[in-house]
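Starting off, we have a lone chain in the form predicted on its own, written out as structure tokens.
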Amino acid sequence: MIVKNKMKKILVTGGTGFIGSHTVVELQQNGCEVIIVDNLFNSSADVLEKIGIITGIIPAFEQFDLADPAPTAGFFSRHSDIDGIIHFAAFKAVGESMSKPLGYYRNNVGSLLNIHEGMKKNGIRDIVFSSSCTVYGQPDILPVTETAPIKPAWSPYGNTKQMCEDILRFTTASLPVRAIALRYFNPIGAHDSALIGELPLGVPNNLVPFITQTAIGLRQCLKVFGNDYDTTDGTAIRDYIHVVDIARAHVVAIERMMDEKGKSPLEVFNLGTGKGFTVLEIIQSFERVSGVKLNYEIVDRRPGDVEKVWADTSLANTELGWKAEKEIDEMMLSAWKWEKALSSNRVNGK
């Protein structure tokens, strides 16, 4: 529980997005005041009402681009009472970053720099950064630990996460700023209420929403990128983790800093289940819980994808006191319930 003597005011950037919206729910349910900044590039303001239905509170919201210095500076001038920041706002598609690298660098790195200027101006100490397992590239040893060497990135997206972690490393060493970087693996699933979940605008870049959209009839066929990897069935392996488990870790992380429990100015933790599943195993899990036979085809590998990666989560388990709770079938079922709720809303014109 974060609240001690007064309600903490937390800025959540990208808070109408997939992980951000679930984190806002957890923060509000833990007694925090939340203000969201989002440019709605890949999300919708409708999420605010859904958060309000779940928690009883519609969070404060401002729409602008954090990569733009002027509105970001103006925001921090108006909100000098922010206690901490959870920074999600970023472009996040590996494949897209290969074709649009400059946009990824400008957005992902620029937004963090502008936020740091605001933190410096207002004396805000604590920031939780949304990092990614992509910083590891293809690890030499699995499961991968936080001490694994950071290799050259396989994509501009992964490189922006590496660069942002470097920015945090140097700023926390020279400024009165503390940070926790949460390197999470593959977030999937949806809230139990089926009111919020992963809703990419346009064609999904991630596996699970493409699976559910194919099953519901929005997509004709799911493409499986590569079946010649060195894995049990030839398809790539990832560590899939439920979005609510990830959201809860962000609450624990911001609480850790505010309670002065951190052991260094910058701490890094893996967020995963510690289990790897192939793409075909994910498809099989979905078919098992949904009863729907999925239409998919094997195509060539996708540039920027690593072969296999899953987490060693022992540091997060012991230091943060956090552990992923949901199993893969439960994750896939929640994603399917969310997709069906979306379909029902479309039919009813909502």
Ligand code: WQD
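These numbers come from a predicted model, not from an experiment. Heads up: residue numbers just count along the shown sequence, starting at 1.
Form predicted in complex with the ligand: not shown, discussed below.
Each of 206, 223 and 305 is positioned with at least one heavy atom within 4.5 Å of the ligand in the predicted complex. Here the chain stands by itself, but in the predicted complex one stretch of 246-254, 108-116, 67-75, 179-187, 179-187, has heavy atoms within 4.5 Å of the ligand. Though the partner is left out of this view, residue 87 does not reach within 4.5 Å of the ligand in the predicted complex, counting heavy atoms only.
Residue contact check for residue 157: one or more of its heavy atoms lie within 4.5 Å of the ligand in the predicted complex.
The ligand in the predicted complex comes within 4.5 Å of no heavy atom belonging to residue 242.
The closest non-hydrogen atom of residue 94 lies within 4.5 Å of the ligand in the predicted complex.
For the residues 215, 279, 168, 124, the 4.5 Å heavy atom test against the ligand in the predicted complex is passed only by 279.
The contact with the ligand in the predicted complex, taken as any heavy atom within 4.5 Å, belongs to 236 out of 196, 236, 271, 144. Scanning 11-46 for heavy atoms within 4.5 Å of the ligand in the predicted complex gives no residues at all.
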